[in-house]
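A single chain comes next, written as structure tokens; it is the form predicted on its own.
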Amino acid sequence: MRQAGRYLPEYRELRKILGTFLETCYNEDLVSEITLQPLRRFDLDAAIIFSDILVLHDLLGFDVQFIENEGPVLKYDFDFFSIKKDSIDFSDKNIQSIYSGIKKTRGMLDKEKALIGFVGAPWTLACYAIEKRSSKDFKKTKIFSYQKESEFQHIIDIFVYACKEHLCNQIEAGVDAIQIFDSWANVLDEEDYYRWVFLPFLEISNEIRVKYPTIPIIWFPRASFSHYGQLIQKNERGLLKNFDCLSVDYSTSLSFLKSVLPKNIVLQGNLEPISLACDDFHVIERKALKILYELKDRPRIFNLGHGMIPEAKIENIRKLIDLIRDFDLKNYDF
């Protein structure tokens, strides 16, 4: 979850001399360098390619800017509804530089280490397109989807297509697994979750399954436990065949997921990221050991329940990795 970034002093030093954030995302040498920075410091099993979910908006013609202490701000003066799938140009040099960066990184990465690619899911991408920035409740997007249903469906369809193409291109470039982030899935009710989160995920993952049956798919619908829990429990439309790993935010019950998920499904997560900013490592240790114990009898990826925060302490991360590596159930009394 956002391995590289502002918590690393070497990344901060690079950012002082670089151009805009997007220019960095489109520089294959910098993509490779930043992706590999965390693995030089820590004993990690995988690298997450340095990129951003908003590169697809940039490809579609949005003016995307990342404002310090504010986050992403998007502008556009075109008719979004005039965009056709066949007009999206994935030969664009900026998007192609991402795939070149993946190839370069894969060539430099230890063969035993996995490289993970990703996209934002259509609902989350649509939220940024309509709100033009982040939001607490994405009120504008929801009202738009209620009042202009067919137009909103068009936006979702465009992003479904763009996500499929972007993921396939990342796989062709060399990633070993892909993750689909729906960061704002939690703001929807049950009906809209089914339509705007679940169905687009099925469409994207179905295509990946057909084209690349051996590529692991990680699904991360953040903070929407009540919705996806029901879909998983019912195995709606054969959902369990559409992902290999469920990435779990820190508000989700691992006990429940263990009870409804087959043991071949990997669980990833769900440490609270802010805990890594604590001065007392025992706080982190207690939370981490609880997760390790909870997932002791199934395949797991230890991870955070959302992205690494800038305030995360390097020494805490190092101690946490050592704790995970050395974990032995026999040594702990729960």
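For every residue, the number given is its place in the sequence shown, counted from 1. Being a predicted model, the structure only gives us computed values, none of them experimental.
One more form of this protein, predicted together with a further copy of the same chain, exists but is not displayed; see below.
Discussion item. Residue-level question: is F80 within 4.5 Å of a further copy of the same chain in the predicted complex, judged on heavy atoms?
Written reply: Close contact is absent here: in the predicted complex, F80 is far from a further copy of the same chain, nothing within 4.5 Å, heavy atoms only.
Discussion item. So, G229 and a further copy of the same chain: in the predicted complex, are they within 4.5 Å at any heavy atom pair?
Written reply: Yes, contact at 4.5 Å.
Fill in: Partner proximity in the predicted complex: D326 to a further copy of the same chain, non-hydrogen atom cutoff 4.5 Å
Taking the distances in the predicted complex, the answer for D326 is no, it never comes within 4.5 Å of a further copy of the same chain.
Item to complete: Give a yes or no for E272: in the predicted complex, does one of its heavy atoms lie within 4.5 Å of a heavy atom belonging to a further copy of the same chain?
Response: Output for E272 is yes: heavy atoms within 4.5 Å of a further copy of the same chain.
Worksheet entry | Partner-contacting position among N264, S87, N235, Q147 - heavy atom within 4.5 Å of a further copy of the same chain in the predicted complex | Looking at the other structure, the residue within range turns out to be Q147.
Worksheet item: Exactly one of C278, L44, L292, L59 has a non-hydrogen atom within 4.5 Å of a further copy of the same chain in the predicted complex; which residue is it?
Response: The residue in contact is C278.
Practice prompt. Would you mind picking out the stretch of 238-246, 187-195, 168-176, 112-120 that comes within 4.5 angstroms of a further copy of the same chain in the predicted complex, counting non-hydrogen atoms?
Written response: It is 187-195 that comes within 4.5 Å of the partner.
Worksheet item: So which residues in 244-276, when you check a further copy of the same chain in the predicted complex, have a heavy atom no farther than 4.5 Å from it?
Response: Going through 244-276 in order - heavy atoms within 4.5 Å of a further copy of the same chain in the predicted complex - the hits are Y250, S251, T252, S253, L254, S255, F256, V260, E272, I274, S275.
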